Every structure is written in structure tokens, then in C-alpha cells.
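Take a look at this single chain in C-alpha cells; it is the form predicted alone.
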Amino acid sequence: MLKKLQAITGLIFATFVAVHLLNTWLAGLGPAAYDGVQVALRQVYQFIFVEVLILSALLVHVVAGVMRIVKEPKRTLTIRARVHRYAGFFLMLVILGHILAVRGSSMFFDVYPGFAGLAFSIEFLPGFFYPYYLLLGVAGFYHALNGSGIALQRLSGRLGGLGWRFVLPQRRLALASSVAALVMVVSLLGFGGVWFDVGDVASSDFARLAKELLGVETTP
């Protein structure tokens, strides 16, 4: 039962991760492409019932995963399983802060980060946010893709007996993750202003809010 609950909630949140990543990857095409799609998607995933479903699925998935690790007998994991688990641990460590940063600003201050907000974070602390966003994107992609295959296989029932396989072979998973990492790098360089002029992101509403909350002096 715990495995099926983890599988179902994982698929729900993986759907959101896929949409979120696709939006992020559009940053390589410029602010208009990123913000335009985000504004449209926001009408769906920030609809109260959808947002509650996504956050509830995340919470249940994490709790179920931790319970399985604690309850199940210790066993030797394959390299693939270890990467999947380590990616999950990393996501658990940063997900609350990430949600508070990108959702808290709009919920409590009516300020949406948008392209300018993410670009400001990279401009403000490039040594931290470049690797952080890259790890977040790659870990999210790997964990969601590999986990979705495991979940579908677990829930497929009789389809498994018919030879239906949802789990990607190791080489294909590695190739897909490598491509995702490359696209993520291109997108992050877009936020960083390498491909085009991103404007004065330090004067955006999100930047002003972040500086105020962090106690950073702003130029009048």
C-alpha cells in the first residue's frame, strides 16, 4: 500500500515538475518566452484546488519515501537506485526553501519572481545560484523521470505481464539526463544575460523585495 501511495503521489508531482522544467528551459529563448508561458501556466497550477493537490502529493510522497527507507530491510542498491535516492535527498533538503522563495513572494507580498527575479538571483550570487539551479533542475529531472517509470511499472498490474516496460534502460536515462543538463545550462546562461540583454534586473519588484527582506541597501 505504501509503495502504491508513493507511486501515485510521485506521478502527480512529477507532472508539475515536467511543466515547471519546460517553462524554465524556455529561458534560453528570452524573457518574453519564459514569462509568457509562466503567466499562462500560473492560472492552472496556482488555482487553489490544483495547488493543494500538488503540495499534498509532495508531502505524502516525501513521508512515504522516508517511511519506506526506515521500515524496509537494508539492501544493496544499484548505482541507478543510489543516484535516484540521492537526488531525492537533495530535493527534500531544498524544496521548502525553493517553494517559499518562488511562491511565498507572490502569496504574501503579491510579487512574482518571473524571469527578472531569477535573473536577479543569479546576478546577486552567481557562485551559489548557478550550481544550485543546475543541481535542482538535473536532480528534479532525473528523479521525476526515473521515478515515473518505476511508479507506472508498479501500478500497471497486468500490463507488466504483457511485456509492457515503463522504466527506461540505463543508457537512455543517462542520455536524457545529460541532454536535460545541457538545456538547463543554456537556460541558466539565458538568465545570466549571456545570450541577450536581460535589462536592469536589480530594479525589478522581486529584487527590491529580496533586498528589503535581506536588509541589503538599495541605491536611491
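Predicted model, so just to flag it, every value in this text is computed and none were measured. Heads up: residue numbers just count along the shown sequence, starting at 1.
The protein also exists as the form predicted in complex with protoporphyrin IX containing FE (HEM); that form is not presented, and the subsequent description refers to it.
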Completion exercise
Which of 66-74, 148-156, 165-173, 34-42 lies within 4.5 Å of protoporphyrin IX containing FE (HEM) in the predicted bound form, heavy atoms considered? The stretch 34-42
Exercise for the section: Spell out, yes or no, whether the shortest heavy atom distance between Leu55 and protoporphyrin IX containing FE (HEM) in the predicted bound form is within 4.5 Å. Expected result: yes
Problem - 4.5 angstroms heavy atom contact with protoporphyrin IX containing FE (HEM) in the predicted bound form for Ser178 - result: no
Handout entry: Contact label in the predicted bound form: Ile12 to protoporphyrin IX containing FE (HEM), heavy atom within 4.5 Å
Key = no
Exercise for the section: Considering only heavy atoms, tell me if Leu125 and protoporphyrin IX containing FE (HEM) come within 4.5 Å of each other in the predicted bound form. Expected result: no
Practice task
Output the sequence-ordered list of residues from 17-40 with at least one heavy atom within 4.5 Å of protoporphyrin IX containing FE (HEM) in the predicted bound form.
Solution key: Val17, His20, Leu21, Thr24, Tyr34, Gln38
